[in-house]
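For reference, the chain that follows is the form predicted alone, supplied as structure tokens.
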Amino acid sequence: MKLNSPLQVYKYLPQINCAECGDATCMAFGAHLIDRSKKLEDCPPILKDKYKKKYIELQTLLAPEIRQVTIGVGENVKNIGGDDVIYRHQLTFFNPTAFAYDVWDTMPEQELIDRVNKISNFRKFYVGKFLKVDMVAIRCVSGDAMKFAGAVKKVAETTKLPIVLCSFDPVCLRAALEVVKERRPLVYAATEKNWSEVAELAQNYKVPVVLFSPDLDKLKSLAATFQEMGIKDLVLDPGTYPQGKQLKESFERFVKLRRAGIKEGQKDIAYPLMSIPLNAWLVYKDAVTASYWETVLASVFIVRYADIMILHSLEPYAMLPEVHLRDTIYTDPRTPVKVAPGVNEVGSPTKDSPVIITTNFALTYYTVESDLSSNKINCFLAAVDTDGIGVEAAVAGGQLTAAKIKDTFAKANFEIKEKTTHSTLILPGLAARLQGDVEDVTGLRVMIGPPDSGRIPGWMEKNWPPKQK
């Protein structure tokens, strides 16, 4: 991206502050274009003929360094690539690595359906959201085009997730594409041997395609050839080898490609990258060992620029580290993860239920909420606006204060003396130093809870309800 500040973007906008985009000023709209929370098309004036030249220029200047490729259709569409930086602290990484878990065409039908459903239904609640997986990769193991097409049809009937078609045989790929061409699947893969036939498929069916070669010169040549044919929705697979020197070389190829695309501006290879941790299963025959090394490979290439990967193990001990690491890497490091401040109900609180204070840092809030709900503690949980900072740091930095606690209840229209019979607040143990201030400012009784929300059940048994003074 050649523009990286709202001021630079502002020069190309109409500069009339009409607010039709929903922002008060063009400068504010420019900031949203930089962080991609809004699209250029959200500015009606720039779409007029009067600003057509600026619109075209701005489109080019805002385009990401790595091409964004879209796989699938409808509500489950998945974008990959689209990054502008090598290190996420420079801006952020945008489209999280897409996880495609495999099925294969020699599976018994019911086993195939069960595995697809398991992939589609995977959910892990974490910090206020569900971590999910993204795609189903269908491998042609039989070598039979009709059998492959039949498996693809069954998968398409079972899930709406995007699909990856995996075969080096253009005949098999064509048969499968006839079944799911409307779903915009990703085709894997074109090589130096089959590129001509696969390129024809990509043109005719208008689908994105993966180019595979561990030789970067050949990979670059393949990309240039496809571009000359007008095929631009490309994904590059430089090979994922699971052991020793070859693993080191795989790692180096990913780094070289991403640096060349962003730092050196080599647009002919500035495409999303595919890694295949599933290859660990070609080396390790024991399921636990293979799952372990697959997770290791996934972790390495999530961190080092893989935009999409094909995986196999559906065991929780493999999937959970993968989805959690991806979430960590693709969380914007410049912006604290926070929840809306306010007073929320946990369970079914009554006037005798406790009122517990925490901050609006999402990890803190949901940890406390989970500990309370899992122990069936009915209460009111107040999330104080600390700009998404945890309790201890917020107390030290002045983001958690008696005034802010009082303001939280005022904005929520929650009058404690009317809503409860005890007129008592419970501060977290790490905020004990605020007890006197909170009592003075609110006029309420303040109790100090444990420093760790996991200890709240034991604390409640000893201290709740509060003794009358």
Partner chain sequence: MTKKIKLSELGSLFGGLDIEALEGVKIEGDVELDLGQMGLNPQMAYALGHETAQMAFHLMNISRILGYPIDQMLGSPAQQKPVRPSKLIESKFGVARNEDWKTPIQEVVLGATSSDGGSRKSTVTLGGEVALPYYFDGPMPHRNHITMDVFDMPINMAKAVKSNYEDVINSPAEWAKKVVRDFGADMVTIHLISTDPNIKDTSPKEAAKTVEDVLQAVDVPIVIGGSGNPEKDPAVLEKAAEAAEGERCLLASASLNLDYARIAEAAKKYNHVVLSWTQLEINAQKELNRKLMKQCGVARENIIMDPTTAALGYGLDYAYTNMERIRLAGLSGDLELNFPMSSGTTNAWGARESWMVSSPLKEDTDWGPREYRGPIWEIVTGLTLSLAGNDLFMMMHPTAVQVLKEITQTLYGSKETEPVNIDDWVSAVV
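Here the structure is a predicted model, which is why all the values come from computation and not from measurement. Just so we're on the same page, rigid core means the largest C-alpha set that superposes within 1.5 Å between forms. Numbering follows the first chain given and starts at 1.
The form predicted in complex with the partner chain exists for this protein as well; it is not shown, and the discussion that follows is about that form.
When you look in the predicted bound form, the only residue of 82, 341, 242, 170 with a non-hydrogen atom within 4.5 Å of the partner chain is 242. Of the candidates 154, 147, 184, 139, 139 is the one whose heavy atoms come within 4.5 Å of the partner chain in the predicted bound form; the others do not.
The chain is drawn here without the partner chain; in the predicted bound form, the stretch among 155-163, 359-367, 70-78, 344-352 whose residues come within 4.5 Å of it by any heavy atom is 359-367. Contact check for residue 386: every heavy atom lies farther than 4.5 Å from the partner chain in the predicted bound form. Using a 4.5 Å cutoff between non-hydrogen atoms, residue 295 counts as a contact of the partner chain in the predicted bound form.
Interface membership of residue 11, defined by any non-hydrogen atom within 4.5 Å of the partner chain in the predicted bound form, is ruled out. Although the partner is absent here, residue 267 sits far enough away that none of its heavy atoms falls within 4.5 Å of the partner chain in the predicted bound form. Using a 4.5 Å heavy atom cutoff, none of 29, 414 and 437 lies near the partner chain in the predicted bound form.
In sequence order, 87, 88, 89 are the residues of 76-92 having a heavy atom within 4.5 Å of the partner chain in the predicted bound form; the partner itself is omitted from this view.
If you fit the rigid core between this form and the one not shown, you'll see the Cα of residue 216 move by less than 2 angstroms. Once the rigid core is used as the reference frame, the Cα position of residue 106 differs between this form and the one not shown by less than 2 Å. Core-superposed comparison between this form and the one not shown: the CA of residue 270 stays below a 2 Å shift. Whereas the displayed form keeps them at a certain spacing, the CA atoms of residue 95 and residue 387 lie at least 3 angstroms farther apart in the predicted bound form.
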